[in-house]
Structure formats: structure tokens, C-alpha cells
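Have a look below at one chain only, the form predicted alone, in C-alpha cells format.
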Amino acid sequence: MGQVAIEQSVVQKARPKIRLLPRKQSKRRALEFYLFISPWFIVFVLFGIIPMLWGLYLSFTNYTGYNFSHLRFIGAENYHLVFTDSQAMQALARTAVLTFIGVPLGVIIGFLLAVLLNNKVKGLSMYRTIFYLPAILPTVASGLIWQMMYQTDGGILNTLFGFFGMKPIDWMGYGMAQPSFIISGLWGAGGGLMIYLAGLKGIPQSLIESASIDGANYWRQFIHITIPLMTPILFFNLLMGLIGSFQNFLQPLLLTGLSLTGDPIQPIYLYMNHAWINIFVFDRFGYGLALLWVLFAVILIFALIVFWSQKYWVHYESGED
């Protein structure tokens, strides 16, 4: 019993003592915290929450942009029109298909590029700059570049293929529009390069060395160490890519060389293009807002699915799956 008492005494002395702040000091720190975040919070409420709620209300009205004097509540009529609008549903399905193909490919290619650029080779800074450059180019500039590359007559790609005796390809025709759209999106796969490289640099070298001592080759190290430890970053980029792809609007217009009021060709006529045209061309603001809120719900559902799936494939260092 004496030995047990001594051990308990030693443990209690070694245990760090937690100093509780006085009530006044705790309140002061809480006040300082809320004061520091108040500018962001005020802006978020004024330009985020309030416009969203106002837009949600207008989606249940006959709002056309000019009829505030006789605004009328029409219930869920606009939402009923969304789900009975075959063009809207086809555009949503088309957007989902292009998203589920393009986003995973972009995540995989970006990750593999980061793995290659994580090695110590001559001219590494130059290669990193080249692969990251598309991510910092303005969207309009990128779209115009790909428009010039995809031109059937005198386009860069067809000119290069002509040197090898190949016939010109109608890149933006009905048969090739979707593959061309995905390829142009993959050009910016290096956008997450810095995040991937930061994650790769954060992998403990001791794990790699231990695996090498145990006889694991580079492939086994990559499969059993690098990929599991990088899954949180892969998860983040997958989620952000999913959200961004569903909101894609400008790329189809730029690839087809149309103005903001034009329609992209059907294979790349996306959901956001349909919403834009209904709002700003046909002045169907209430219906257009209903389209946007349906898109918000769709993105939220898929985001929740991705969050749910992380327990099966995302591994955290704390051991919580």
C-alpha cells in the first residue's frame, strides 16, 4: 500500500497543473475574440447571409427584375418548373457527368505531378512554375488560349497534326466537344500543386526510412505510406473540385467563342449556362433563382456524400477515420 501511495504521489506531482483564468479575464478574452472576428462576420452577414435569404424568398415569387410594385408569392411553382424543364434536367445531368469524369482525373493528375516534382532534379523550380502557371492565368485568358488551339481551320492543334499528315479535327463539334472540354479543364490540374507538395514534404522521413529498412521498394512505399498520408489533401481537393465544377459557367462560352448571352453547343451546355440565360436574357429572375437553389441542394448532397465516404478511404495521423 505504501508503494502505491508513493507512485500516486509522484504521478500527481508530474501531472501538469491547469491554471484556470479568472472570470473577468476569461470574459475579456472572449470579448476580444468577438471584436477581432466582427468585421468578417458583419461583412459575411450583410453580403452573404442576407442576399442568400433574399434570393431564397424571391425564388418563391414572380420576380422578373422590374416588378417590385406587384411582386406576388407563387409558392413552389418555380421549383416545379425546374424539375419539369427537360432542358434544365439534361443540363444538370450533363454537368454531373462531366464533373464525375473531369474532377477525379484532375485530382489524380495533379497529385502525380506533385509526386514527380517532389524529387530533387535539376531545374525543379522551372518545372514547378510551368505546371502551376495555368492555375494563375485568368479564366478568360485560358479559355481564349484553348479556343485558338481548338479552331478547326488554323488552330494550333490541327496545325501540329497537319505536319504528320493528319486531317483536321473538329474539336468543338458535337462528337468531340465533351472530351475537348475535359482536356481543357485538365490543363489546370496543377492548381493544387502547392498543397500537394506541402503535404508530401510533411510526410515523416522516418517512415520512409523504416520501410526501406524493412525491404519495401518505392512502389510499396508509395502505396502504403504516401497515398494514405495524402488522403486528407486528396479529399480536400476532390471536394473543392466538385463544388467548382458544378458551378462552371464561363469555360463552355469561351471555348465556343460566343458572347455571354449566347448558348454553348448542346454537349457542353451546362446547368449554370441555363440559369444565366434564364435570368439575364429572358428576365426570369424568380425561376433562375430557383434553378440556383436547386443547384445548391445538389452540391450540398454530393458534398455530404463525399464527407460520408471519407471514413472509408481518408486516413488521419490521429488514427480517426
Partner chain sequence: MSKKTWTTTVMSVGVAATLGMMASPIMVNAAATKPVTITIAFDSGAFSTQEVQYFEKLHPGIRINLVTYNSGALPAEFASGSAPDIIETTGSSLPSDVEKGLALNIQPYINKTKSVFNPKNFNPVVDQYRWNGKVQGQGPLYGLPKDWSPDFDIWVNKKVFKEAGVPLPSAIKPMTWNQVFADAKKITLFTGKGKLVRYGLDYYADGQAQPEYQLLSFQAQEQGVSLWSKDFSQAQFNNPKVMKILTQWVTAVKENIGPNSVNNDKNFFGSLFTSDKLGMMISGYWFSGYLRAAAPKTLNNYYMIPAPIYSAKYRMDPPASATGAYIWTGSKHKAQAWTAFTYFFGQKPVIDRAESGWGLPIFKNKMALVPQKTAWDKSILKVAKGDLKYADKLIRFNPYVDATSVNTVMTNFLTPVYYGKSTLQNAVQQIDGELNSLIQAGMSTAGN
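Everything numeric here is computed off the predicted structure, so don't read it as measured data. Under this definition, the rigid core comprises the largest set of C-alpha atoms superposing within 1.5 Å between the forms. Numbering follows the first chain given and starts at 1.
Omitted from view is the form predicted in complex with its partner chain, to which the following refers.
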Open item on the list: Only one of Thr226, Thr99, Gln151, Ser180 gets a heavy atom within 4.5 Å of its partner chain in the model of the complex. Which one?
Closed with: Gln151
Task: Contact at Phe68, Leu255 and Tyr269 by its partner chain in the model of the complex, all three, heavy atom at most 4.5 Å - done: yes
Task: Contact test in the model of the complex: Gln87 vs its partner chain, heavy atoms, 4.5 Å - done: yes
- [ ] Report yes if any heavy atom of Asp170 sits within 4.5 Å of a heavy atom of its partner chain in the model of the complex; otherwise report no.
- [x] yes
Open item on the list: Against its partner chain in the model of the complex, would Gln221 count as a contact residue? Criterion: heavy atoms within 4.5 Å.
Closed with: no
- [ ] Give a yes/no on whether Phe285 approaches its partner chain to within 4.5 Å in the model of the complex, heavy atoms considered.
- [x] yes
Open item on the list: At 4.5 Å, heavy atom to heavy atom, what parts of 186-216 sit next to its partner chain in the model of the complex? List them in sequence order, or say none.
Closed with: none
- [ ] Inspect the rigid-core superposition and answer whether the C-alpha of Tyr34 shifts by 2 angstroms or more between this form and the one not shown.
- [x] no
